[in-house]
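One chain follows as structure tokens, the form predicted alone.
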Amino acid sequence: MATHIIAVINQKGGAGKTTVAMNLAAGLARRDDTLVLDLDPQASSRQWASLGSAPFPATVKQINGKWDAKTLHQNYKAYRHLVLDCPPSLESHASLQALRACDVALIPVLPSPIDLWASLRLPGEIEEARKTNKRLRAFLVLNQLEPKSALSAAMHDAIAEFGIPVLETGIRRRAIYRSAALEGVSVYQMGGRGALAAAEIEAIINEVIAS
């Protein structure tokens, strides 16, 4: 079975890419062999995985230098799922190649029109990548949603302007996500405390993988 590649990408820092990538990978690892490729020079995914007292559910590696979609598929074909934690820059080789290699691009954004407008170059880059990567699907993931807080009219307008569909499942602002990162684990490993967060990640996986 071919490797399924998900790129977690946003040109803006602070949107929660690594949090989404690591917990998504942990959920996928419950299904089949999963690898996180840390493409960010800051190596946040590697640092996260190194903090745990037990091995992280998914394998986490860093990749440097030049590579392309073909070498990515060849080098990591042993894994069913590959999650790419991209750097906060569209100018980087890694981000551009990730869009050309992936099946799905997930774009975490904070529920603020200013944050979304700061990422307005992404739709153009996704369309450019689709010229060579016909299978590429892209979705916005609303991150750090406040409970019972409706999206503003300005946010709805910004989403419409962005022109990329939004996953039905959003990620709530939960302290457990920060706790998991500090402990080097996923929300799946946090027992009952992480149950609601794990359910969010499961819903995202079902939307992205099952659709």
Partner chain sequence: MTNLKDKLSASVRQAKAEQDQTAPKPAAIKSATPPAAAKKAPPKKAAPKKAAPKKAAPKKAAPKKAVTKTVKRKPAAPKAAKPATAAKPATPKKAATQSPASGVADSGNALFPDRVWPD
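This is a predicted model, so every value here is computed, not measured. Positions refer to the first chain, counted from 1.
Although not depicted, the form predicted in complex with its partner chain is the subject of the following passage.
Residues of just one listed stretch (168 to 176, 145 to 153, 24 to 32, 40 to 48) have heavy atoms within 4.5 Å of its partner chain in the model of the complex: 145 to 153.
Residue contact with its partner chain in the model of the complex: Asp157 places a heavy atom within 4.5 Å of it. Among residues of the shown chain, Pro113 is one whose heavy atoms approach its partner chain to within 4.5 Å in the model of the complex. Remark: Asp103 does not count among the residues lining its partner chain in the model of the complex, judged by a heavy atom distance of 4.5 Å or less. Its partner chain in the model of the complex comes within 4.5 Å of a heavy atom belonging to Phe162. Taking His93, Lys77, Arg130, Arg121 one by one, only a single residue has any non-hydrogen atom within 4.5 Å of its partner chain in the model of the complex, and it is Arg121. Shown here is a form in which the CA atoms of His156 and Val141 lie at least 3 Å farther apart than they do in the model of the complex.
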